[in-house]
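As structure tokens, one chain now follows by itself in the form predicted alone.
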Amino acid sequence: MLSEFVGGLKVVGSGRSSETYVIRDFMDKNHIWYHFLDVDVSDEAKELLTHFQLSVSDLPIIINDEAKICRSPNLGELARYTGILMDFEDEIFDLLIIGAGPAGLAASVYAASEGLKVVTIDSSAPGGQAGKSSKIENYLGFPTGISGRDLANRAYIQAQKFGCNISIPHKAESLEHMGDHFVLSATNGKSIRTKSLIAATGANYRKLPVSHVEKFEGSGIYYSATGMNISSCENEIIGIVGGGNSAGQAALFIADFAKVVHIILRGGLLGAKMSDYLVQRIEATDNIIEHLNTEVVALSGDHHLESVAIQTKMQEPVTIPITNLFTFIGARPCTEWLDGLVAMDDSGFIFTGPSIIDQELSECRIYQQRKPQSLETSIAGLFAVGDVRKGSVKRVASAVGEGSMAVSQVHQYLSEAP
């Protein structure tokens, strides 16, 4: 029996379980090799339960190559079990990067390659919002496109090659500015001390304002469209909510496998926030249907999503047998951990450079001698890049540019700091 476990991890659970989906999603996004056994259809999965004297109520479980079992792990336990969550010694880093999206990963690569002692943390997986894009076609150097996941994984490996310490899931909870350094408190109870810091925490997708959303998350409602979703979308009726590039990319990706894809958009123009090349491809795809000026008003299903009710302005609701609904409906900045420490707008996006008014600047020696650099916040040595920054361009290329540019500004700050 033990010989069957050689070669990686086994995940045993139900393919229709949201708890199992969370584990598989985390492992997929963090490129942890595993074999999934669906207890609903796999005789091997049922045999394993019998062998280990377990029942369906014990699922999901993870079995390693030594036949050791981890039952219903949370993400922290899963990360330690698979070795991607790190503990740091009591030392002061040159740079701490919070967030491993395109901006944070670009900063990680450049900072580590230039000899800085750098650590990068992220609350879930490399890639950020870009990691949820099934195909990015307008990023320089990839004429046939690349998935956000693959782009993030290449950058993740590249940063590690240069010596960057990356720890996941390692979520920022609070930050203290101690004058000559920063102290970050994280969810694992550990603190990280650093001379400078780059906030690249991006933004989170908003949830649909309808009942039972949480019930169907991982069981019909998803916030990204990846290869893991293909089997559940084949010959099915699928819904995409949103009008940005991520929604357009997801619609085209899923349309190759689905029977019909319904794009549901509150606005009246598909191209208002979506790149023209995506709009043209969507309009040329026969099995994609657009619903403009339309909202999702109800979700139905026993254990898995079975139908979605949509309503167009001035009309009665219509129920469509949508079994998988992917939502991309705007975002809010992930700045709760800063708790007003730096200057932000009313929505929580961080002001940098010239957008900071003088009275919001910290009274440090450096700001008495110069103005903030273009990506520096109201506290010298704390930088913001990517979607979390006020006025940023919500594109992968610009995020990568900001992440790399911030490192040169970090060098300047470190040369000035006492």
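All residue numbers are counted from 1 along the displayed sequence. Note that the structure is predicted; figures quoted are calculated from it, not measured.
The next section is about a form of this same protein that is not shown, the form predicted in complex with a small molecule.
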Check all three, 100, 203 and 385, heavy atom within 4.5 Å of the small molecule in the model of the complex: yes
Option touching the small molecule, based on a heavy atom within 4.5 Å in the model of the complex, out of 142, 81, 162, 337: 337
Answer option from 232, 72, 138, 293, heavy atom within 4.5 Å of the small molecule in the model of the complex: 138
is_contact(residue 243, the small molecule) in the model of the complex, heavy atom dist at most 4.5 Å: no
Interface membership of residue 16, the small molecule in the model of the complex, 4.5 Å heavy atom rule: no
Distance check, residue 132 to the small molecule in the model of the complex, heavy atom within 4.5 Å: yes
Touches the small molecule in the model of the complex: residue 328 (any heavy atom, 4.5 Å): yes
Listed range touching the small molecule, judged in the model of the complex by heavy atoms within 4.5 Å, from 310-318, 109-117, 169-177, 342-350: 169-177
